[in-house]
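In the block that follows, a single chain appears as structure tokens, in the form predicted alone.
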């Protein structure tokens, strides 16, 4: 165990300070300023808030021939968790998803001394949790890296290679009011009919597919009914986690076809938040650097693929470079009331990342 747990040092204080700053999607300004100041204090050559609101730090010459981007995100989902350290664990919203990985990036890059020809960029992106990924989309236009590391919890000895895609669907049904004893179905029943149709499509698509990563996974997120005395209305949202091989056009057609039809029933279906699934190659210098670094810290490395999405889905297809997601923390604690990070794991992940950067900028002959 790191002795730093008994005597908290700047790496732990950096993380605790970041977790103490609320940073919901679209409200990341205070955290961005805090992280930029932290990067300046750690000797970054440049640290600034960019046009999208991202906190960005750079080491090395800006016109370097080679670039490594470490892309994390600053925003969190709602939910107040009192920030505290107990039994070597830091509790607080965002400690795992994903301020722990982002602060590990900042500390690891601070240790690095990129040689001539190399630039290391750390970016804390905005709006990753809000299905817009505005920060990552902007970063994707600013750099053309040789390697990219996405900051998401994987556990210090695990490397994430892929994420499922996502599609959000908003459904609205409206019809004239009728007596509940009458023959007309209620608008709430239209949602049930539609949802069951989506489930049947998913069941047929998933036949003979064994793993969650390869399956279409729908979830009913919200239902809200209302009436103005003349018309009944229902609004619902469905989320779908997408496999690599599904065609968006076919999926959207199936979702539209599942909607019921009836006289005087008005149905509107709209789509948003689409991200295709993405899976990176395992045979790259970046993966090999992580394997060596984890083993060097006494770990037995392994691989993960996840059923959620991340900014890997955004920048991976654009940059086409070797890419992984990595960071300390147990992702099963994401968004939960018990979100916390093991500080020893956080410090160990910083050591791994430091070794990875050394391997990448000083490759063996």
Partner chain sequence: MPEVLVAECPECGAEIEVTDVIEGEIIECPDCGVELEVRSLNPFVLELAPQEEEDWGE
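These figures come from a predicted structure and were not determined experimentally. Numbering follows the first chain given and starts at 1.
Just so it is clear, the following notes concern the form predicted in complex with the partner chain, a form of the same protein that is not shown.
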> Only one of 280 to 288, 135 to 143, 254 to 262, 193 to 201 gets a heavy atom within 4.5 Å of the partner chain in the predicted complex; which is it?
Replying inline: 280 to 288
>> Although the partner isn't part of this model, could you tell me whether residue 295 comes within 4.5 Å of the partner chain in the predicted complex, counting any heavy atom of the residue?
In response: yes
>> Can you work out whether residue 67 and the partner chain are in contact in the predicted complex, taking contact to mean some heavy atom pair no more than 4.5 Å apart?
In response: no
> Is there a heavy atom of residue 317 lying 4.5 Å or less from a heavy atom of the partner chain in the predicted complex?
Replying inline: no
> How about residue 48: is it within 4.5 Å of the partner chain in the predicted complex, going by heavy atoms?
Replying inline: no
>> For the three residues 161, 211 and 331, which mark the spot I'm curious about, does each lie within 4.5 Å of the partner chain in the predicted complex through at least one heavy atom?
In response: yes
>> Within 4.5 Å, heavy atoms only, which of 38, 52, 305, 321 is in contact with the partner chain in the predicted complex?
In response: 305
> Considering 168, 177, 217, 188, which brings a non-hydrogen atom within 4.5 Å of the partner chain in the predicted complex?
Replying inline: 217
> Taking the partner chain in the predicted complex, which residues along 248 to 278 bring a heavy atom to within 4.5 Å of it?
Replying inline: none
